[in-house]
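One chain is shown next in structure tokens, namely the form predicted on its own.
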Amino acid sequence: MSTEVLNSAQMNRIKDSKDSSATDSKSMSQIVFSQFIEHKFALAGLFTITVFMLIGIFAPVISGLTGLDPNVQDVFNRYKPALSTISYSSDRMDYEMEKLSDQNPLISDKIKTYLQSAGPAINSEVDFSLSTDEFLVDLNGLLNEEPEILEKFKTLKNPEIQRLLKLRESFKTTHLLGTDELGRDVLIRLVYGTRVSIGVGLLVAFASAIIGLFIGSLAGYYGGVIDTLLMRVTDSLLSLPLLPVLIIFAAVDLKKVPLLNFFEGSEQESVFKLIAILCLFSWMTVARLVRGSILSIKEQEFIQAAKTLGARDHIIIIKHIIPNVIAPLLVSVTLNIGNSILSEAALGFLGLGIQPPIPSWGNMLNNAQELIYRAPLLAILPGFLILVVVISFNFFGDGLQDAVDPKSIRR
């Protein structure tokens, strides 16, 4: 009996030692990954962020596949409800006919020659005196105005005419989410707004992380006068009310600012100005976080050993200190992305952010604020997307924080 108990105890110890060795053999990245995937909301946030980023990256592809342009206006089809199918305006039809004539210079002559031989029953209303560029435009207008002639054209077997009729059938668009106050498709503007809003958030977050990492490293490692000077500047900027300061700086005229006036007048001026403003006032929290981490790290034995061995300050900072503050820095970056998106939306809502015709969720909210009762979807949709994306980044940041926190790692 004692032998059986002994064997059972030995087997349990062997099993525990195997489990321990299997756990100890995991790398740090594997441990962090296993911790992260246990956070279900963080996984959902990462999935949502990935979907939105893919939508933003492939926005031109989506535009090409759907045939929708975020800047094409049709004031005769404003505030159309969801799932509306709208025919092209006469101006856009004329443009498409001119494009067809430019791409296929011979098609007008072939149609003209065929119709001249078709007899008066078909060509009685056709003006053959027009130039090649004007002929297709005039013929399209005739088919729009005379349904009887259109029916006769459908019976013709000429390949160029059938191609023309097939092109005319494509002169309509389906708007899944309807149209806005200028007749633009809401869905494609939300798609391009995803690219702009998330792109601005990412750029601002990473730029502020670099600035904050540089300033926090200098202040935390050297201390003394450098620390006092840099932290007082940081505290001064933190004490400012953020939104009023952003509003004031957003109203700055770039042509009066040296070295920045070359952006003045360009379509990207408002984008550059917004990114510059948000970067200027987003690095302070990161700097204080990095400084606090470095104050505790620089007193540890491996830093003292590096100093004893004669390592220079920049080598110690780059190779020994910064890698140890990357984890909390990444968490701060993910949380800062959500804050940047909210700041962009707030300035856009006030009309001081990214300016039309570039679509962003913020300026879409600004355009819809007076139409909340007439077309509530114009305000609900961009607001809902801002909510979803910001919450997703916050969940992702929380999950990342739990995964890289040494106290929560189970080895």
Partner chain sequence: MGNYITRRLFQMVLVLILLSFVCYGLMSLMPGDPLDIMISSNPKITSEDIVRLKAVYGLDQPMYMRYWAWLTDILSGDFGYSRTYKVPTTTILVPRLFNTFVLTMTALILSLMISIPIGIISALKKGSKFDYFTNLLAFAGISIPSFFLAIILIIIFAVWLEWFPAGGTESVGEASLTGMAYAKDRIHYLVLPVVSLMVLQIGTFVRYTRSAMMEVLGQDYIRTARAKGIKQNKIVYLHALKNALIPLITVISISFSFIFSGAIITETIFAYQGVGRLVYDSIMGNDYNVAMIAFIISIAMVLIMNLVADILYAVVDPRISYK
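Numbering follows the first chain given and starts at 1. Note that this is a predicted model, so its numbers are computed, not measured.
FYI, the form predicted together with the partner chain isn't displayed, but the following is about it.
Checked against the partner chain in the predicted complex, the candidates Pro244, Gly119, Pro159, Pro81 yield a single residue with a heavy atom inside 4.5 Å, and that residue is Pro244. Checked against the partner chain in the predicted complex, the residues Ile380, Leu65, Val51, Ile57 give one hit for a heavy atom within 4.5 Å, which is Ile380.
Although the partner is absent here, Ser236 lies within 4.5 Å of the partner chain in the predicted complex, judged by heavy atoms. For Leu350, a non-hydrogen atom is located within 4.5 Å of the partner chain in the predicted complex, even though that partner is not displayed. Contact annotation: Ile318 falls outside 4.5 Å of the partner chain in the predicted complex, judged by heavy atom distances.
Interface residue remark: Leu342 is counted as part of the site for the partner chain in the predicted complex, having a heavy atom within 4.5 Å. Remark: of stretches 105-113, 300-308, 213-221, 236-244, the one touching the partner chain in the predicted complex is 236-244 (heavy atom within 4.5 Å). For a residue to qualify, one of its non-hydrogen atoms must sit within 4.5 Å of the partner chain in the predicted complex; all three of Arg232, Val252 and Leu365 qualify. Contacts between stretch 377-392 and the partner chain, counted in the predicted complex as any heavy atom lying within 4.5 Å, involve Ala379, Ile380, Gly383, Phe384, Ile386, Leu387, Val390, Ile391, listed in sequence order.
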